[in-house]
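This document starts with one chain, in the form predicted alone, laid out as C-alpha cells.
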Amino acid sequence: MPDTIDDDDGWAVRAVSAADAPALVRGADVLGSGGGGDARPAGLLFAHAVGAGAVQLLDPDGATDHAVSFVGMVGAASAFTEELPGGGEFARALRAVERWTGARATALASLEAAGLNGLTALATAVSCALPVVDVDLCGRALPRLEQFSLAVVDGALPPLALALPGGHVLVVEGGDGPRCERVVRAVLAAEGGWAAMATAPVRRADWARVGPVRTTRRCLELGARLEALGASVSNDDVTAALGARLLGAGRVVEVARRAGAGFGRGSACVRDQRTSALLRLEMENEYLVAFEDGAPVATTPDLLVVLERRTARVVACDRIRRGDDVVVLQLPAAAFWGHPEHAAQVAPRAFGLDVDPVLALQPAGSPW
C-alpha cells in the first residue's frame, strides 16, 4: 500500500514512489485520449530518478500557499523518444524562468497530467527536491498552448522557458496564447522537435478556478484499476473499471490519415460486433469525435479512449491500424472544461469539426 499521511482518505499528501510507475503509466495513457505520447519512457525516467525514495503529491486544496511552476515536454512525442533527455533539461528550464522573473518555485505541477507528461513533473521534482501539487493545465492531452487553462482564464500565459535538447535555453514572455504557440512551434521546428518547458511560478487561492485538479490522482486510480484486471479482460470488466461509457467494440476496418502543414489529422472506423454499427473516430493528435452511423455520439473535451481488447492497453492515434481488435470508451472530462466560458477552447469546433459537444455526465462528488 502507498505511504499516506495527514488525511482521512490518504490524498492530502501522498508519497509517490517507483512502485506507482506502472499504474501512473497506464492511467496517463488513458487520459491522453489517444495522444500525448507514450507514457512509458517518462515512467522509466521517473522510476530511475526516484529510486527508493518518493515524491510528495499535494492535494490542491491544501497547497494554495505554494508558488507552482508547471513543467513538461512540448513538441513531438516521437522526437522526444528518438532523442531522449539527458536528465537535466526540465530543471534547466525551471531555473531559467526563475532567473528571468526573480521568483522561486516552491512546488511543481504538470503541464498536462496525461501521456508522457503525466510523469515528467514527478521526475523533475526529484532532481529539484520539490513537492508536486496535483493541478495541471489540461486534465487530458491537448495540442496547443492556447488551450492551457491559464491562457483560457487569464488570456495569456505566464513567462515560460524552453530548454532545448541541443543545450540552448529560450525565455518567452508576453503575448497571448496563440502568439506564444506560434513562437514556440517555430523554435521547435528548427531545434529538434521537442523541448522541456517550465512556466514562471504561479500562486492561486483556488486552483480549481484556473485549471483541472487531481489529474495525477485520477491517473493513479485508473491505472491501478487496469493493473488489477490482469490479462484477457471482458468489455464489461474494463468499462466498469474505468467508470466509462462503452461506445463500441470490434475490428478496425479502415484508417485514413491526412497529411498537412499542421497537426496530423485522420479517422479510424470500427465495426461494432454487437450491433454492426460503424463507429468513426475523428482524430487530430487525439481522438476528438465519435460518430455512430454518421451521428455524433461522443466528443472532446471528454476522453475518447481506444483499448486493445485482449490486453486493455491503450491504442494511440498514431498506432491504430486496420485489423486491430479494440474497445472504444468515453470518460468524462475534467470539471474545469464543463464551465461555459472554458468549453469553447476544447470543443469540436476548436479543432475545425462542425459538431456540437456530446458529453458524458461527471458522477456527483467527483474529485476532478
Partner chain sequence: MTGLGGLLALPAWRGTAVLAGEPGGVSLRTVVLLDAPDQLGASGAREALVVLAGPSWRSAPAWQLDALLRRAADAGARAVLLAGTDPLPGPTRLLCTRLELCVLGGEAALLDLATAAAVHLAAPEVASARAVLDVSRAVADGRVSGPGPLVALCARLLGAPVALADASGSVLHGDLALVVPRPAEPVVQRDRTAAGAVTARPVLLPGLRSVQRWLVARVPADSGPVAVGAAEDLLCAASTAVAGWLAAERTAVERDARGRAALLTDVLRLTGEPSPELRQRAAAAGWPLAGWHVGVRVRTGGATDVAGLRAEALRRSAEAGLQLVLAEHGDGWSGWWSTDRSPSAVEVRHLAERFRRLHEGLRQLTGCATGVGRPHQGPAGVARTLSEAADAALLAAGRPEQGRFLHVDQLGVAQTLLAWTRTETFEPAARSLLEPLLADPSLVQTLGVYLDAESSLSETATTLGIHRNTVAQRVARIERLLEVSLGDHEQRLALQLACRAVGPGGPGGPGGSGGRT
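Positions refer to the first chain, counted from 1. Being a predicted model, the structure only gives us computed values, none of them experimental.
Form predicted together with the partner chain: not shown, discussed below.
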Please determine, with the chain shown alone, which of 212-220, 155-163, 271-279, 176-184 has non-hydrogen atoms within 4.5 Å of the partner chain in the predicted complex.
271-279
Within 4.5 Å of the partner chain in the predicted complex, heavy atoms considered, which of Glu292, Glu146, Glu98, Glu191?
Glu292
From Ala350, Ala360, Val355, Ala18: within 4.5 Å of the partner chain in the predicted complex by heavy atoms is Val355
Is Glu254 one of the residues lying within 4.5 Å of the partner chain in the predicted complex, judged by heavy atom distances?
yes
Answer yes if any heavy atom of Arg203 is within 4.5 Å of a heavy atom of the partner chain in the predicted complex; otherwise answer no.
no
Contact label in the predicted complex: Arg258 to the partner chain, heavy atom within 4.5 Å
yes
